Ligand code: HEC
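Just one chain is shown here, as structure tokens, and it is the form predicted on its own.
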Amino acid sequence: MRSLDIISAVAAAAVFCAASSLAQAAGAPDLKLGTPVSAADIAAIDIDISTSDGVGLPPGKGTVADGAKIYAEKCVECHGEKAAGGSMYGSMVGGVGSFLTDKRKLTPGSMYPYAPILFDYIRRAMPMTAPQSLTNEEVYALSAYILNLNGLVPDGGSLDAKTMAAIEMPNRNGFIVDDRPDAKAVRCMKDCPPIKD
């Protein structure tokens, strides 16, 4: 009985393929599935930021004071008072210079080489319960507040695309380029040579 089921399935597939070929040969229109994607659709998800120079940071502005208010409303539960560590995450404050010791403290102030990384991370991932729900102004304000707590933005300061990209992060030069021959990768997006073993 099983071989009869297999023969029936193969016959059905052959009939379907033959019918499809005949329909195309007879000039039947190609199936068009889905909806074309508009530039506005793409713009809504194209949120990449060049973290070294801030290219791609959106318009908007946020102050340290506004960031403190937003932090108290949307962030303190997981990150703790003044970003010192909370129920879900460790501290986001301090550690500047700790990468030169054996007691590294991973915070935006100690490990990020460029300030736009903080904006990019907050915008994409926070709050954990509703990622990408913050406005650009809220993300700038939260970034200003966290960088203020790390001593990188003054009290009463504010951030926008230009001022954020200009911040000189303490660990900017603390990274080493991996120039080992076996770790070298060349970016190629078109007409790439074959990968060699």
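Start at 1 and count along the sequence shown; that's the residue number. Keep in mind that this is a model prediction, so the values were computed, not measured.
What comes next is about the form predicted in complex with the named molecule, which is not displayed.
- For the candidate spot formed by Cys75, Leu106 and Leu142, every residue has a non-hydrogen atom within 4.5 angstroms of the named molecule in the model of the complex.
- The shortest heavy atom separation between Ile146 and the named molecule in the model of the complex is within 4.5 Å.
- Although the partner is absent from this view, Ile47 stays clear of the named molecule in the model of the complex, with no non-hydrogen atom inside 4.5 angstroms.
- Though the partner is left out of this view, Ala84 does not reach within 4.5 Å of the named molecule in the model of the complex, counting heavy atoms only.
- Heavy atoms of Ile122 reach within 4.5 Å of the named molecule in the model of the complex, making it an interface residue.
- Residues are counted as partner-facing when one of their heavy atoms sits within 4.5 Å of the named molecule in the model of the complex; in 61-92 these are Lys74, Cys75, Cys78, His79, Met88, Tyr89, Met92, in sequence order.
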